[in-house]
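In structure tokens, the next block holds one chain alone, the form predicted alone.
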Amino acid sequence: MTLFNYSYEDTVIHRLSGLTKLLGFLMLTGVVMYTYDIRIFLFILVFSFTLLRIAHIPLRKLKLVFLYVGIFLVINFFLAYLFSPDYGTEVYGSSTLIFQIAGNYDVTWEQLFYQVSKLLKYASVIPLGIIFLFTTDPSEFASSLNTIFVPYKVTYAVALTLRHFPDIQKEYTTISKAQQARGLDISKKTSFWHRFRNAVATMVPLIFSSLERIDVITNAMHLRGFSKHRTRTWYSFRPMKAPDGVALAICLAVVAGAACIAIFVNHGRFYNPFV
């Protein structure tokens, strides 16, 4: 089973233009990156998981993705405290001690609130990216980018990248099984470093296989006269319709609401519940 694989479903999300989904993703991601308001992060998370349900994307397919993301978030959480244990108190201008560990490593409500906000900041972007990858046809997305004057050579490279994610994952699974059949054990029965060395041995043939695939695709494109003309037509082009306008209006409303909260309520990027 591949992790990032476009598969068509007859849902309102799938029927949207690739350009609409890109603009919506950029707008919502921009809101998340700018603000440090935990209320906005929670809203984006709920909104994103609602879209996942509407798009009929089963969460069981994303267990491995959520596992890796969770590990990254936990590591980031502790490293942020290790290198900046009092940054939250500087941001919110107060210090409410919970308990002290040693030296300047005090655990305060301000620091804890800041780090939880930062964790949700990163976590809220992940579902948006998943929705975009799972519901966007690479060829249709490339044609949408070309309509906003992105050179078709660039858009075609983007389409090839998205389209070959599943192929690379299938190739890795095939090589991994072949290596295990030869005695390279990467199961949980062996030590971590043993699994790591065997995983590296699996990656080497995958790299050579990917380079060979790139060479084949390049030769095929060259023989078909790719880039001979300044423009090209697209078989998978999908024009923007009324649902696209509604979707963009919703995203703009979220952006406007977040901007109003930042300007008139928070008076800045940070939501401070300690004042």
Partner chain sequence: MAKDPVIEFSGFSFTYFAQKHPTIKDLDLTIGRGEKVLVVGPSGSGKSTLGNCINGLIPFSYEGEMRGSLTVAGTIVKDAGVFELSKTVGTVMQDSDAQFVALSVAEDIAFALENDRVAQDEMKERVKTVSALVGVEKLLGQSPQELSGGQKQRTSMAGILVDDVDILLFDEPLANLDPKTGKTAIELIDEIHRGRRLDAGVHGEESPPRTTIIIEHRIEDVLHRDVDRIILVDGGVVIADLPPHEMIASGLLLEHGLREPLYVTALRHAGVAITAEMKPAYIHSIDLTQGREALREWYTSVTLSEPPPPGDDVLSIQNLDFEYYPDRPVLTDVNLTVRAGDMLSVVGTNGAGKSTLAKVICRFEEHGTDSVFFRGEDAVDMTITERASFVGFVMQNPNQMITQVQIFDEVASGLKHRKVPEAEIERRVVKVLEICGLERFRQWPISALSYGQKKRVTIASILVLDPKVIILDEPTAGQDYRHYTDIMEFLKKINELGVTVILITHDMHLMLEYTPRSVLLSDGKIIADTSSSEVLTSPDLVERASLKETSLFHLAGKTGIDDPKSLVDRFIEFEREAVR
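As the structure is a prediction and not an experimental result, all values here were calculated from the model. Residue numbers count along the first chain shown, from 1.
Keep in mind the form predicted together with its partner chain is missing from the figure; the text below concerns it.
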> Can you pick the stretch from 216-224, 34-42, 51-59, 64-72 whose heavy atoms fall within 4.5 Å of its partner chain in the predicted bound form?
Replying inline: 216-224
> Taking heavy atoms and a 4.5 Å cut-off, does Trp234 contact its partner chain in the predicted bound form?
Replying inline: yes
> Just to confirm, Thr108 within 4.5 Å of its partner chain in the predicted bound form by heavy atoms?
Replying inline: no
>> Can you tell me whether Ser124 touches its partner chain? I mean in the predicted bound form, with a 4.5 angstroms heavy atom cut-off.
In response: no
> Heavy atom to heavy atom, is Gln179 within 4.5 Å of its partner chain in the predicted bound form?
Replying inline: yes
> What is the one choice in Asn146, Gln115, Ser139, Thr89 with a heavy atom within 4.5 Å of its partner chain in the predicted bound form?
Replying inline: Ser139
> With its partner chain left out of view, which of Val150, Ala157, Leu97, Ala201 would have a heavy atom within 4.5 Å of it in the predicted bound form?
Replying inline: Ala201
> For 163-183: residues with a non-hydrogen atom within 4.5 angstroms of its partner chain in the predicted bound form?
Replying inline: Arg163, His164, Asp167, Glu171, Thr174, Ile175, Lys177, Ala178, Gln179, Gln180, Ala181, Arg182, Gly183
